[in-house]
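First, one chain by itself: the form predicted alone, in structure tokens.
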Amino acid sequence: MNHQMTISKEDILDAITKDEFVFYYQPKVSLVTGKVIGAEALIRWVKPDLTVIPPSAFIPFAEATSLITNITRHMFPKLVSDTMVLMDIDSSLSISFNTSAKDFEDEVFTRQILCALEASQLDGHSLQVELTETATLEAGDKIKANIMPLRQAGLGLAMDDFGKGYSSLDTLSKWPFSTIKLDQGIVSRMLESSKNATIVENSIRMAHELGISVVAEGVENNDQYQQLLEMGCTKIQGYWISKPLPLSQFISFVEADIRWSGLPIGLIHMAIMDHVQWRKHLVSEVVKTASLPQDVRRLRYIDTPAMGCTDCRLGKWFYDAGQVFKDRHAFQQLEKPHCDFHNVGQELVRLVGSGASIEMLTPKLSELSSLSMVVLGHLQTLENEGLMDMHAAHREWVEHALHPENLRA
């Protein structure tokens, strides 16, 4: 069959019967560790003569005729089997798979997934469901209700093609997404348009503040890679990393343990913004509460940010992803003033609770600002060093034998 020919319902049902559909896996890479962290499972139709029919030739028709549900339910056991093999190689990998809203119009597919997890003893975090924004817009409460048990079982939920539709933010606010996947169209245009670059950067920042993971799709060249690294994006996939691979080739790809170059300096900028926002939030609450009459103040709950120096977003970065900078002097100098800063913040909250006036709080507010400047100074030094090191490392990386362009040569 030539994939340019019209595909019928009978063709698809015949392909299911003959088990002609397979998964190819497109690797995802962490921009924090530089390692392969998982893949997106993509359906391919492989004929007996090894002709590969691309998804664009049959998926739209399958969705229009509801045959997509037949394909999804037929393919899921194969996905589980493949994932079990991959988990034995690297249990930290996460495999995402595309679904349609039609797959969740009843509870059948949800039960199939949950039963498969129990039978295979796979951790829910090893799998992630991908839904397009269009699919979620068309979905009703019943479909959302059928997806919720999967989130409760630990499966991730990704909004595919984020930024492509007209109401991504509204959809994001209504659904329990754990990941957004930046549409490859906007990623490809971000180097040509400052407007697109701003949309990408602000989307990354928004996801960071919401505690949602970000994957940039369709990364096809080094300039896009470097830009995303500087913006604080944490995960990417695209042809610059690898095309979708059959399972055996993806296993070899994982086993090669290729490390992608680059320091996650964008996350330092995120940490700077996190710190400034934390300080503004606390000062606003403290001053607002201290300005109230005593009888009113006693009835008002102070809405403080996370008060421990390990609990704020800067602290979480410092003790986790930030450890990649642990040998840097500026990083080593950061911990004490940051913890001192939080101690002063806690003292301010205590003083407000005991009835202190604005005049009584002012010295502590000044101390908080002084410590904040020290923290920001170390972070900015670290950011500057990271930028210089990133570009120096890149010059060496492009000559490396494992650089993607050299692997393809």
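In this text, all values refer to a predicted model and were calculated from it rather than measured experimentally. When you see a residue number, it is the position in the sequence shown, counting from 1.
Beyond the structure shown, there is the form predicted in complex with a small molecule, which is absent from this document and is the topic of what follows.
Proximity of Ala271, Gly315 and Asp389 to the small molecule in the model of the complex is absent: no residue of the three has a non-hydrogen atom within 4.5 angstroms.
In the model of the complex, Gly232 stays away from the small molecule, with no heavy atom inside 4.5 Å. Among heavy atoms of Val200, none comes within 4.5 Å of the small molecule in the model of the complex. Using a 4.5 angstroms limit between non-hydrogen atoms, Phe76 is distant from the small molecule in the model of the complex. Using a 4.5 angstroms threshold between heavy atoms, Ile236 stays clear of the small molecule in the model of the complex.
Shown alone, this chain has one stretch from 380-388, 338-346, 365-373, 53-61 that lies within 4.5 Å of the small molecule in the model of the complex by heavy atoms: 53-61. Proximity to the small molecule in the model of the complex, taken as a non-hydrogen atom within 4.5 angstroms, holds for one residue of Val352, Leu31, Ile68, Val36, which is Ile68.
Among Gly163, Pro305, Gly218, Gly124, the residue placing a heavy atom within 4.5 Å of the small molecule in the model of the complex is Gly218.
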